[in-house]
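First, one chain by itself in structure tokens, the form predicted on its own.
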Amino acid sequence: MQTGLLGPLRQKIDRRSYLVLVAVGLLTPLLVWWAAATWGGADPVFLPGPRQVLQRVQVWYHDENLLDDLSISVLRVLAGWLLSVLIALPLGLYIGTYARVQAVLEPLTDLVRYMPAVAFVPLIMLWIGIDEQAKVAVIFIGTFFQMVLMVAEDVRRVPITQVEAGQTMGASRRELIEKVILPSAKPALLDTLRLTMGWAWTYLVVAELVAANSGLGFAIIKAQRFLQTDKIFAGILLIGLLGLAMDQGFRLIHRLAFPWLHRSA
């Protein structure tokens, strides 16, 4: 059977091939960037090379409190995301389980999720102020409404036959939720948490527009004012690396919690 360059459809590949392809996918853009900065004739002010960016990271680490910026940004992202999780999980569960709750809450959630989080910044500053709570609120708004709808959809994907089987066996509503719906939806729910964590990181810079004096987003904005393009690149890459590390952590948890979903066919 001919498989072509892309390989067979929807089949797993061995670990070694996977790692090689991951390396190709990550290193190719880096090499293109290095070549463009080195031989492309671009002004380093507009396109610094990887070496310049790495040097900037070293200066940032030794002289400009990089670890403080990293830690405060991670705390802000986690606080906003965890607040979303605490409220969105039960709310999405009820929306996905009960049609009447869905009718009342889903259209409103759909409406608000299309409103850009940055548009709420003036109201957040007016109502909450400019302290840490305001920055957490921006990340919360950016992730909460999407998370609610995704959780509800994960719950609705639980086969109705499983629910009907539980009802036939005399399970109460609480037992249906705790012993049928939640266990069946857990893999999808964990994927939803992983995806929304990525959104939380994308709202970090917006959150740190709210009168911040520390954090990766603040450092990027400050660097823009002084045309420190190498620091802008460094900040963006650091956010990407932190997000990638968290994403891989979620994937590892998923593989450990649900190993049967990751076995080769």
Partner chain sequence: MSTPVVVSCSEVVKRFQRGSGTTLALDRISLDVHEGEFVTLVGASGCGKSTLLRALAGLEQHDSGVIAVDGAPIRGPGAERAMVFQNYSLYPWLTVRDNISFTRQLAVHTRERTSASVEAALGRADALIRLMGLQEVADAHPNQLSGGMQQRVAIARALMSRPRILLMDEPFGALDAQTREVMHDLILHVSNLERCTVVFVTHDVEEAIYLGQRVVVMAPRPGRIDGIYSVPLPRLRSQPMKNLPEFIALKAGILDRIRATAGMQTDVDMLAQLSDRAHAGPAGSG
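Numbering follows the first chain given and starts at 1. Fair warning: this is a prediction, and the values are worked out from it, not measured in the lab.
Another form exists, predicted in complex with the partner chain; not displayed. Remarks below refer to it.
Trainee: Going by a heavy atom distance of 4.5 Å, is Lys179 a contact of the partner chain in the predicted complex?
Mentor: Yes - in the predicted complex, heavy atoms of Lys179 and the partner chain come within 4.5 Å of each other.
Trainee: Give a yes or no for Gln146: in the predicted complex, does one of its heavy atoms lie within 4.5 Å of a heavy atom belonging to the partner chain?
Mentor: Heavy-atom contact with the partner chain at 4.5 Å: absent for Gln146.
Trainee: Check Asp110 for me: does it contact the partner chain in the predicted complex (non-hydrogen atoms, 4.5 angstroms)?
Mentor: Outside the cut-off, so no.
Trainee: My question is simply whether Pro159 lines the interface with the partner chain in the predicted complex - judged by any non-hydrogen atom within 4.5 Å.
Mentor: Pro159: contacts the partner chain in the predicted complex.
Trainee: I need the one stretch from 170-178, 77-85, 190-198, 123-131 whose residues put non-hydrogen atoms within 4.5 angstroms of the partner chain in the predicted complex.
Mentor: This holds for exactly one stretch, 170-178.
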